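Structure 1 and structure 2 below are two forms of the same protein chain, each written out on its own as structure tokens.
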Structure 1
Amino acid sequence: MDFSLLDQHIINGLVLGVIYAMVAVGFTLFFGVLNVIKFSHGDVLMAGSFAALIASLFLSQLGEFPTWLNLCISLLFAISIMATLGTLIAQHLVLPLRGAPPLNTLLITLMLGLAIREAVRLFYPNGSNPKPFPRLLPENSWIIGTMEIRQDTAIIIVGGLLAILILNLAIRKTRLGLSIRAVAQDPETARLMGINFKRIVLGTFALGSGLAALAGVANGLYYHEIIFDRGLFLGVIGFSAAVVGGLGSLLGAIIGGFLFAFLQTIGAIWFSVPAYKDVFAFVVIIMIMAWRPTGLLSEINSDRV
């Protein structure tokens, strides 16, 4: 076995696991607070990567900026825009349908995702083709034993894990997080205790959508390109990871994201055709869901969000 190639597969799996976990956490937040599945989440991720690209290109037109400053501004712009979009989706599409059948919310968010995807394709210049994403991270490598680790890859892994950790601590340790957990457990009782239900829902959708934008930027930084329909695939994976981990559990979403990436890595090692790795991963996930329909952590973690 070529151990250098194996090392690369492992590193690639870690990057994918971080990205998938960030997407899955968003699905878990939305479901935990409002019992809804927001199927436009993957397309919000894609729109976030395009927002960062637009900000980076605009800065390059203004003059020479340090790479780190370009990255920070582009990232903050993407997160802010997608967080705002998330609050608008919650306020004008999701909350008004709270008393409607769940299928209505599922359908309207699915159509919204299609609208976002097609809007990027139609209105971004030459939007149907893959777009090169700026190389905003250092590309030197560290040699650790027989393993070569690129600095940009390490930064993406550490940055994504830190974002997930900070969000988890915020949910568990802050007043906002306590309010989110209270609304997730019992919305009516939370209202009686003086918690502003609408504000918490809007804040939760802003958090999840901002995290999706971060995942989209990480995806662009790693692959050095973005495409208008990539969000659909990442959304399906993120939702699958959230369900297989236990929809409503933050830890389950993280485990599900890394599990899916691990299965893809195993598939890439076993099969010579790259596309087979996705087929293998989805088949195993289907088998796990048939075995544990309520998720891997449903029994040992009953607290939602």
Structure 2
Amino acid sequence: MDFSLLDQHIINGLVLGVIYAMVAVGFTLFFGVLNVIKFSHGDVLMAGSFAALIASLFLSQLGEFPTWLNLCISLLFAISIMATLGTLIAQHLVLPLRGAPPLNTLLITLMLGLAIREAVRLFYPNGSNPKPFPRLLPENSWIIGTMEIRQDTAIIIVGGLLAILILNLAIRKTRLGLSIRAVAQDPETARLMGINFKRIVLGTFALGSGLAALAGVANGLYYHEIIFDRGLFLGVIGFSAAVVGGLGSLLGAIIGGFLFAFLQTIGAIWFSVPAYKDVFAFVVIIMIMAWRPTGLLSEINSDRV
């Protein structure tokens, strides 16, 4: 095999892995408070990238801004808009369903995802078409040995990993993280400890949706193109990555994300019809689940009799 080719495949796989991991971490976070698959996650991600696009276009209309400033402002805008959206969703759709079976929350987020997707399609001008995403990262290449890596690629990999790492620290080491985990396990007792249940749920939604926006922007920056219906599939992959890694574990989400990217890349290389790569990846996933029924970093069993 051609080695420069291998390098390229590795870099492709890495970026893909980081993007998947970012989505997966979002799933893990929501699983933490809701104990449910939040199917609208992918669509929030997509909406986040559109928000950044709008901000960026608006800025370039205003005048000449340095690209880094444009990037920062668009990113902040997208994150804050999505965080607000997440809070509203939690307030009006998730909290009222607290007493109902968790699957009902799943349905409501599913429908919400559909609503977000359709809203972008209908209300963004020509929303059903793919939109070019501004190139806000430097595109020169660095040469390391035989390997050639573009700066934007490197920034996305490092930035994505950093975001996940910071989130991980926040969840593991802070009182906020402890509160989130407590609320997930027993909302009533958590309230008895003085935890503001509502605030934690809203906060987690804000955090998760903000993270989705970040992932959406990373996605746009890497592919230079965004489209309204990207969310569902990316969401499904993110969910798969989170579960394969072991729900509730942020490290698991990262491992899951990279595993999925790895499987797809391998699949694309092996099969003469690359479309089989998804079939291949999902077959492997099913086999992994049969082998490790609670994910690679399996959730520790705290159930006792």
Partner chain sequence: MKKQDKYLVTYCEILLTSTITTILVVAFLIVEKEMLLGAIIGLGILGFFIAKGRGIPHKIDQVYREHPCVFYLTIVSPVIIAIVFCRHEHFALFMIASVAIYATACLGLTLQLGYTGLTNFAGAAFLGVGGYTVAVLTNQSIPNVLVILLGGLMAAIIGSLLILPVLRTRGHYAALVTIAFALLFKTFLEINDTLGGPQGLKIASFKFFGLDFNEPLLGSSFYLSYVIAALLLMLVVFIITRLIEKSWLGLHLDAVRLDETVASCFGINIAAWKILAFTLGNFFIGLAGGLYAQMLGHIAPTNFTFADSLILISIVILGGIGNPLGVIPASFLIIVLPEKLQFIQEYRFLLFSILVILVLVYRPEGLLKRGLRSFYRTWGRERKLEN
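Remember, it's a predicted structure, so these values are computed and weren't measured experimentally. Residue numbering: sequential along structure 1, first residue numbered 1. Take the two forms, superpose them, and find the largest set of C-alpha atoms that agree within 1.5 Å; that set is the rigid core.
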| Of structures 1 and 2, which is the form predicted on its own? | 1
| query | Would you say residue 54 moves its Cα by 2 Å or more between the two structures, aligning on the core? | reply | no
| task | Would you tell me if residue 69 moves between the two structures by 2 Å or more at its C-alpha, with the rigid core held superposed? | result | no
| said: Core-aligned, what does the C-alpha of residue 277 shift between the two structures, expressed in angstrom? | reply: 2.3
